[in-house]
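Just one chain is shown here, as structure tokens, and it is the form predicted on its own.
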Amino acid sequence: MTWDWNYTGEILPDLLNGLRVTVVATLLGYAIALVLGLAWTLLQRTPSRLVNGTVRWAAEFIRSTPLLVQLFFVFYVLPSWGLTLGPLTAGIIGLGLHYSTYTAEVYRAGIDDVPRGQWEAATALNLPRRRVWLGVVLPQAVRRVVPTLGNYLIAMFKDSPLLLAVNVVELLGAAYQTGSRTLQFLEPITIVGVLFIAVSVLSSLLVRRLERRYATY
């Protein structure tokens, strides 16, 4: 079996379009994970034992369930309850929901790492609770965990091929469709691997740069 460069040139636009879908799904899912993860964390710190206990149990349940099962639930089960989502929307929500439980733990670690003196100083100044969180605690906590949050972005990108299970034609899906149509899988699957490696390596270098930048903080 030899590499067909003409065939490679023909299929490359379709694969790049699949990469675009993968990147869009990853970035939007990541945005959901960041926002929802912070919400999980803050709710777990509320005085109400009912609220924080329920949220903690729900987050643990989601974190302990395979992502593929959650994608199937969002795409195939929710319609029976009257909520029908398109494949890409379901995939983005599934990715975001699953990874939000991991970003929640990252936020929690960052908040716990804020020096106690910062809390005491804010209390001594009689700052409103909202200002304590938005102006004192969260800026320091988020700054400390930026590199770790970046690692989850890479992990989400590498999990994106699972979206093929809910009919999202992302990078791997585009390669599979192309290979099925032409019965030539060497080129499309190899290109998929190369693109995943390239994006992952570039992202890893960025995360390492962030680690060095915040290492002395």
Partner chain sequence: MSEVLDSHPQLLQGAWITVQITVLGAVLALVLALAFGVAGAARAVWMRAVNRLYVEFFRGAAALVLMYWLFYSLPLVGLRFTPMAAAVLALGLNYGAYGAEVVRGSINAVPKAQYEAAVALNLRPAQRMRRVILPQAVALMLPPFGNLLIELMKATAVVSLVTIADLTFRAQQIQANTGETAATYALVLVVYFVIAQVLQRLVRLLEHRTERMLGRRPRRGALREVPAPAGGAPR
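Residue numbers count along the first chain shown, from 1. Treat the numbers as computed from the prediction; the structure is a model and nothing was measured.
The same protein has a further form, the form predicted in complex with its partner chain, not shown here; the description that follows concerns it.
Enquirer: Would you check whether its partner chain, in the model of the complex, lies within 4.5 angstroms of a non-hydrogen atom from each of Trp40, Ala90 and Arg181?
Expert: No, the whole trio is out of contact, none within 4.5 Å by any heavy atom.
Enquirer: Test of understanding: in the model of the complex, would Leu186 fall inside 4.5 Å of its partner chain by heavy atoms?
Expert: Yes, contact at 4.5 Å.
Enquirer: When the contact criterion is heavy atoms within 4.5 Å, does Gln44 count as touching its partner chain in the model of the complex?
Expert: The answer is yes: Gln44 has a heavy atom within 4.5 Å of its partner chain.
Enquirer: Is the gap between Ser48 and its partner chain in the model of the complex 4.5 Å or less for some heavy atom pair?
Expert: No, Ser48 is distant from the partner.
Enquirer: Considering non-hydrogen atoms and a 4.5 Å limit, does its partner chain approach Leu172 in the model of the complex?
Expert: Residue-level check for Leu172: yes, a contact with its partner chain.
Enquirer: Just to make sure I understand: among 50-73, which residues lie within 4.5 Å of its partner chain in the model of the complex, judging by heavy atoms?
Expert: Trp57, Glu60, Phe61, Arg63, Ser64, Thr65, Pro66, Leu68, Val69, Gln70, Phe72, Phe73 sit within 4.5 Å of the partner.
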